[in-house]
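Before any questions on how it binds or moves, here is one chain, the form predicted alone, in structure tokens.
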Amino acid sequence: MNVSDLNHSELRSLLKSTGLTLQTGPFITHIQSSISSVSENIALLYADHALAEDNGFADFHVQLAPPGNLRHWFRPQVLFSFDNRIPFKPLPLDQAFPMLEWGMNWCVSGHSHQYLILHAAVLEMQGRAVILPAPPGSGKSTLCAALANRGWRLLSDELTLISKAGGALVPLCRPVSLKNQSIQVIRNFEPTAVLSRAVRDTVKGTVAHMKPPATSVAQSQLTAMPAWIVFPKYQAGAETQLAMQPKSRAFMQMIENAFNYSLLGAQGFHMMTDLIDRCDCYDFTYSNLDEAIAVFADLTPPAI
């Protein structure tokens, strides 16, 4: 049963009462909220995701609710809670759905050390995957959204999960987070893409989320093997340029984008070394998405 099998009234009622058990990749998240923007965006962006069996088990139990104080009369807010703990300060009520997405990322990156976790997008084509690690503002999500709309299978926009058993990339297919000018760029690039309403004045500026392709969600159980690591950088007016990067420098940059590398100790080092050995590594500068797509289509598998 998928989220789309519920009408909006049923979905909203479930979220308000017993909660929704949402399957995203290897994780089950139990979500409760009476906030209308949360139910509306789950209906829109998670329509193709499966509902997990409600047997009381979930990896994460989260709730979004207004704080119980008088502030809601003049400046409504929302609180995110995880296992009945509140890890973050409240945000304006209008930011409830972005807060859910950020909170779900925090749950995975902070509590799922059965994987090596990178802050990186990952997409796959013909059995080979490209990892796009990058700090915020680099154009990672814009490039990720464009590739996902041109036939690449989306495994994740924000968190790359690397299995300890064999180094496979585990899908965590969820909405793509677009910020500021990237929102209109993707609307122009792919007018059929389904985007949520833009939310302004968040800590990341204006934010909207793109619904992941249904085919990518349907293949969320299929892992992929890494072939390329590409460090993207959007630069207005820049020529499209793909340049091979030394593996030693790629290793250090990957560590900077890893959430739990140090926590995993020697195992983290060996997993990162194995990942770098498997992949060709590049710096990629772009300003034109069509040219970027063409470059990725011409990537050749690493020599073994």
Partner chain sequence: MWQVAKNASLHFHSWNDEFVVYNSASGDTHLLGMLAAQSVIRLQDAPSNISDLLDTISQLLQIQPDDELKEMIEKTLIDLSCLGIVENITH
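Just so you know, these numbers come straight off a predicted model, no measurement behind them. Positions refer to the first chain, counted from 1.
Here the subject shifts to the form predicted together with the partner chain, a form of this protein not shown in this document.
- With the partner omitted from this view, the residue of 241, 235, 36, 273 that lies near the partner chain in the predicted complex is 273 [heavy atom within 4.5 Å].
- Taking the partner from the other structure, the partner chain in the predicted complex has a heavy atom within 4.5 Å of a heavy atom of residue 269.
- Within this chain, residue 61 is remote from the site of the partner chain in the predicted complex, having no heavy atom within 4.5 Å.
- Contact between residue 27 and the partner chain in the predicted complex is not found at the 4.5 Å heavy atom cutoff.
- Residue 277 belongs to the set of residues with a heavy atom inside 4.5 Å of the partner chain in the predicted complex.
- In the predicted complex, the partner chain lies within 4.5 angstroms of at least one heavy atom of each of the following residues of 227-253: 246, 247, 248, 249, 251, 252, in sequence order.
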